[in-house]
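Before any questions on binding or motion, here is one chain by itself as structure tokens, the form predicted on its own.
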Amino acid sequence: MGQLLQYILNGLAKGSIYSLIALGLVVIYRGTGHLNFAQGEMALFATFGAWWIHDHGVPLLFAITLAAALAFVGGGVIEFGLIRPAGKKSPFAVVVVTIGLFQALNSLSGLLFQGAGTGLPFGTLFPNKPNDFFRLPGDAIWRYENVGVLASVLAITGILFALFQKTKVGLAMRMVANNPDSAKLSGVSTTRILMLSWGISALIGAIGGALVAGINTNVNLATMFGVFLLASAAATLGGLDSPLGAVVGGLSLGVVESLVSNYPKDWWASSYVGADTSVAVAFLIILVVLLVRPAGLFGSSRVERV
């Protein structure tokens, strides 16, 4: 029983990161109706920025805060300078631009930050000494760092829920995503809302990237690639327009990945399924769910008049 609990806790640790990056995807989708394929690399670039600021003598917490603020501004600039002109041409053009942005930011990170390819040391915001953990029944341990990451995800989720459900800005973001023309007629500044959506998403990504780097104790050019893939899957599983779905999808995906890879050791498929194939099993589960509910577990199905 203790072994099972330990694998679940390990899965929650991974799933917390997936959930945080998935939240960034959900914010953009709810605000614009687009899926940002560059979300992971935007987070990576901001994380390298936090490393550079910290390397120049600024405390890590303030470095991450400053990098997140700059990421917020950068997200708005990207929407204004790249996404908006492309969106006027074709919705598919936005997909192409985000894919190009993915490659451009990764290459730019390698050019600007010497040693980015092999990895740069990165600290953590939470206690991570060998004895910094809670001991749970069955000798399972829950590290303070993992608890801190999960708490951060839940706090950000709560803030986003309040933003979307309790504020005029959140209502405006949903209006713009569902029907931009009607939003304009209602007096909503769609341009500001679109910039705000990308800015918030970039800010969340910067925090997520810093947490990933802290857990890994370093940041390199490949840090966010696998995380982004699984975060995209988590957002799809939970529903691309649901912050709660992003969190549930990310945590579930992390737990499934951990259990399939490790527990139990003697189950019938242990010779065929391991760490390398656990992601494929997770995606298979997502495929089955989406065949039953295309909008995801918590997503809302759109009804169109014909």
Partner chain sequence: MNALLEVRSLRAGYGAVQVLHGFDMRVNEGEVAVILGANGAGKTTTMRAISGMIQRKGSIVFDGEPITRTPPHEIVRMGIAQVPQGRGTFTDLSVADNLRAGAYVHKGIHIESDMREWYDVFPRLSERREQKAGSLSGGEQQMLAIARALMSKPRLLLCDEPSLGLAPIITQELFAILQRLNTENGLTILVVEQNANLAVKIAHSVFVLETGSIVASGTADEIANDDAVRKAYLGY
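Just so it is clear, the structure is predicted and the values come from calculations on it, not from any experiment. Residue numbers count along the first chain shown, from 1.
The discussion below concerns the form predicted in complex with the partner chain, not included here.
If you check in the predicted bound form, is N128 within 4.5 Å of the partner chain, heavy atoms only? Looking in the predicted bound form, residue contacts with the partner chain do not include N128, since no heavy atom lies within 4.5 Å.
Looking in the predicted bound form, any heavy atom of L101 within 4.5 Å of the partner chain? Although the partner chain is absent here, L101 would stay clear of it in the predicted bound form, with no heavy atoms inside 4.5 Å.
Heavy atoms within 4.5 Å of the partner chain in the predicted bound form: does A233 have any? Residue-level check for A233: no, no contact with the partner chain.
Looking in the predicted bound form, any heavy atom of T118 within 4.5 Å of the partner chain? Because no heavy atom of T118 falls inside 4.5 Å of the partner chain in the predicted bound form, the answer is no.
Report the stretch among 221-229, 91-99, 169-177, 137-145 that approaches the partner chain in the predicted bound form to within 4.5 Å, counting heavy atoms only. Going by heavy atoms within 4.5 Å, the stretch is 169-177.
Only one of Q114, S186, N216, S107 comes within 4.5 Å of the partner chain in the predicted bound form by heavy atoms, so just point that one out. Looking at Q114, S186, N216, S107 one by one, just S186 meets the 4.5 Å heavy-atom criterion.
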